[in-house]
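Before any questions on how it binds or moves, here is one chain, the form predicted alone, in structure tokens.
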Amino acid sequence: MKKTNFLDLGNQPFANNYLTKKNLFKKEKKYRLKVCFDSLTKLVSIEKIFSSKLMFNNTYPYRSSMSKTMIKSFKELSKLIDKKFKPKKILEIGSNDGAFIKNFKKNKTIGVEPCANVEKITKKLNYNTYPEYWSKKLSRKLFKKFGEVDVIYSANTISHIKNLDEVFKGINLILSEKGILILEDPSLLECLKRNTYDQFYNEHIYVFSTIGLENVLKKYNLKIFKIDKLDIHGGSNRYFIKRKSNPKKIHKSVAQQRKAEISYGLKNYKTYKKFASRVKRSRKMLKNIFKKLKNKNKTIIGYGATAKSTTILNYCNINNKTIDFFLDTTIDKQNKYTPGTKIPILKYLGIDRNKIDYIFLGAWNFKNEIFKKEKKFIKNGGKFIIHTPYPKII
């Protein structure tokens, strides 16, 4: 592997390490967030990688079921899977609180979720879920108990696992001969196009391109046969993958996506250096927006204390002197403080336009859902600050 850094996002805390009052003034663990490009595999990854046990444990705050967008997406995909692939057994790697597997009969599903606090939500409903990290060893254990599976689904999880060799060897062990693997992850092409540098944080080890993923998959005799482009998480790809021995036809969407990535320059290091320059400009612009508003004594709050926003806030040095507080619907984040920048996170109880002038959109990837919800605030003249594709007030 020949990895070269192209982007330095400064000192960052763990993106989901929300602070309590008790540890607010304790020294936080921080690391230098650098992003690199591998000229051989064409993979883009963060340089410093931490143990999964440090990041995914029984205090993990993210809940798939908190987003209407995600619930709708999972429901639609579940119908498609049942109709097209008619699986007898479905395995989900990274099942979180069960937002996807709840769309299937309990006896058809297996969920793997290492964060015990969210895994127990589905376990209580009598789903077959395992609070373990995905590995070859776990795959063997599940194969002995359940036999092979027809569909393996994983959304925004494979990119969190350092050892891709372990991932795909485990998948190869349990996937049936004509079985389908469906992976869903943020698109590197969209990340670069939309300047969403906040896709990079300690948990997002990789941001995949089709080119990079194809280079990984061929080692395991796996092949992408279809790609669906999604708006979720700021532009994601849903990859439908088969064994090479499976005669299923390759859909034109694969060649189209590959061509789009090559045309944009995802094989060339200079493309990433240009992106890094745009990120620096974006930082300057965002800081200027906040500075001007604060000089006018405007009240600014945050909406959605996301892992992504941790990267933006710390890189741009936006703290509790600029943003009064964040509103969030996730219980495990409420009454805590944002990592590094120590902005209070309050329970969402609606927005009072008389008290708030501007909202920084931390959960920008659910913009449409949020704007629908906050139409009264917008109608009354309330405005949002967003950083993608460039910082602006909308």
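Sequential numbering from 1, following the sequence displayed. Treat the numbers as computed from the prediction; the structure is a model and nothing was measured.
Keep in mind that the form predicted together with a small molecule is not shown, yet the notes after this line are about it.
Each of 308, 327 and 363 comes within 4.5 Å of the small molecule in the predicted complex, counting any heavy atom. Residue contact with the small molecule in the predicted complex: residue 36 places no heavy atom within 4.5 Å of it. Contact check for residue 373: a heavy atom falls within 4.5 Å of the small molecule in the predicted complex. The closest heavy atom approach of residue 304 to the small molecule in the predicted complex falls within 4.5 Å. At the 4.5 Å threshold, heavy atoms of residue 357 stay clear of the small molecule in the predicted complex, well away from it. From the list 296-304, 206-214, 75-83, 278-286, the contact stretch for the small molecule in the predicted complex under a 4.5 Å heavy atom rule is 296-304. Only one of the listed residues (66, 46, 43, 351) places a non-hydrogen atom within 4.5 angstroms of the small molecule in the predicted complex, and that residue is 66.
Of the listed positions (136, 233, 238, 89), a single one reaches within 4.5 angstroms of the small molecule by any non-hydrogen atom in the predicted complex, namely 233.
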